[in-house]
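One chain follows as structure tokens, the form predicted on its own.
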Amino acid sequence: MVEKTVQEINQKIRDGSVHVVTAEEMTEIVETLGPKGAAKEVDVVTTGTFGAMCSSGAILNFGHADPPIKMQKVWLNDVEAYAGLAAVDAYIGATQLSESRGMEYGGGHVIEDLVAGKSVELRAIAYGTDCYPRRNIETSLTLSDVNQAVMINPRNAYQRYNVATNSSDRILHTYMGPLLPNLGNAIYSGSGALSPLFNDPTYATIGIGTRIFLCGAHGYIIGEGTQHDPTHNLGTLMVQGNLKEMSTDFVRGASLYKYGTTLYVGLSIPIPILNENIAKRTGIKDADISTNVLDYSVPRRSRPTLARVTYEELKSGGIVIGKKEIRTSSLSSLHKAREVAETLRERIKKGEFYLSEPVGKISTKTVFKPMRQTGGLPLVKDVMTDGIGTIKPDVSIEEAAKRIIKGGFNHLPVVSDDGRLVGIVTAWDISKAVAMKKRGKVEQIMTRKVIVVSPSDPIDIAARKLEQYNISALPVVDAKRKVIGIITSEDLSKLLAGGT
């Protein structure tokens, strides 16, 4: 049995005899030499990941102004930071949006700008006190002007991501990027065999106090991350590092179209090879790591798993669901993850980075729970109008006009012979057709791309769709796309009026 200590490995770092490899290289070594041989040969394995880590941010201390101010609200480049910490401390989160530029710029970009040495505009307001009389301030500053700048990320190094795809007939804009209609693409994230937590899934060497590489700086693990769910291979870590020591090579602000901003974080955890069991685990291959493909067009609580695939399949550029081949793309960067792992390896070999033993354990039994909701949210089926009339596409425009007048409604779903929704026609469509003296069939004037909702959807989803697409009604359809009702902006207005 091979046995080493962290102290022994650190001594090898000092005398220059340490053998360090990346996690991808370790896979080949374990295959060739076996776990025992690999444990004898290798001292440290460096991991790496570089991806969008939304739950990231930084605490900044600006120093006291003269006269002093106790900041009630503070903005950096028009991005609000949380000021409820102390007089001149603030936490800027990666996903907070600019109040002037919206989704194009946010907290992640402010952090990158600071690391890049750029000047940032600070604006703050306060209510004023005897000891902090100032009520507002505007100034510019750089990272060198602040006293402390500490990156503190509540959730990083996500062990495994689900793969996102979309079976609906419209594009979806998500935190995984744009999902094309009709299973047009599948997006994944994570570096697979390079992933830190897949190289030590039992947290034998990873714990509170473990020294890590964070965005070019030497940082530390300070606890389990939020949403830590190791029982389902969904572990996360809470980490911190000195923003002033970081590099824009490994930290970048980003904006996901129609979703918002985030921060790309480069993170590496060194795994000391203390015995052959640890060596065996660091020999993991992409083919050993599997994850679920989920349909993001379905509400989260009932989102189906379409397939289970490996990172080897994902990295190949395509997966198969049923008989359909779907091209894959990664939200994270494997190229940069490799650079992160290689950079840490070189620092260890040069004696610039030493390993640390954890001072506390990371839980292996935590389970992530959904939010407890004490107030029930009304569903579409509770508000919709059911028993509505429908019409076939080959019915005349004149007949459709008569039905709308007789029924006293403004929307008429158009269905096929088997009852499936194929379009919708409105009172406005009819009026326009009559004014233009059209004498054809409903199919000539109907809207074919119909936005719909499910009866089990919460009403806020319906409200968002009405606003997003600037429409006044949504047909309610079942799993077979058969019309069972309709919900209108008027229905929602009545509901809100009744609750006030």
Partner chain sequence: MKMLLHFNPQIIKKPLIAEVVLETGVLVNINKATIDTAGGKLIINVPDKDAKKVIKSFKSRGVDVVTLEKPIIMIDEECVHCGACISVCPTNVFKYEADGSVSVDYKECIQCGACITACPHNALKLSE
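Every value quoted in this text rests on a predicted model; they were computed, and no experiment measured them. Numbering follows the first chain given and starts at 1.
There is another form of this protein, the form predicted in complex with its partner chain, and it is not shown here; the text below is about that form.
Find out whether any non-hydrogen atom of H335 is located within 4.5 angstroms of its partner chain in the model of the complex, and reply yes or no. Yes - in the model of the complex, heavy atoms of H335 and its partner chain come within 4.5 Å of each other.
With the partner left out here, check for me: in the model of the complex, does some heavy atom of P181 sit within 4.5 Å of its partner chain? Because no heavy atom of P181 falls inside 4.5 Å of its partner chain in the model of the complex, the answer is no.
Whether G207 contacts its partner chain in the model of the complex should be assessed with a 4.5 Å heavy atom distance threshold; does it? Answer no; every heavy atom of G207 is more than 4.5 Å from its partner chain in the model of the complex.
At the 4.5 Å heavy atom threshold, is W428 in contact with its partner chain in the model of the complex? The answer is no: W428 has no heavy atom within 4.5 Å of its partner chain.
Mind telling me which stretch in 413-421, 231-239, 255-263, 195-203 gets its heavy atoms within 4.5 Å of its partner chain in the model of the complex? Of the stretches listed, the one contacting the partner is 255-263.
What is the one choice in T328, Q159, Q96, S297 with a heavy atom within 4.5 Å of its partner chain in the model of the complex? In short, T328.
Taking its partner chain in the model of the complex as the reference, which of V380, L243, I187, I348 has a non-hydrogen atom within 4.5 Å? Answer to the contact question: I187.
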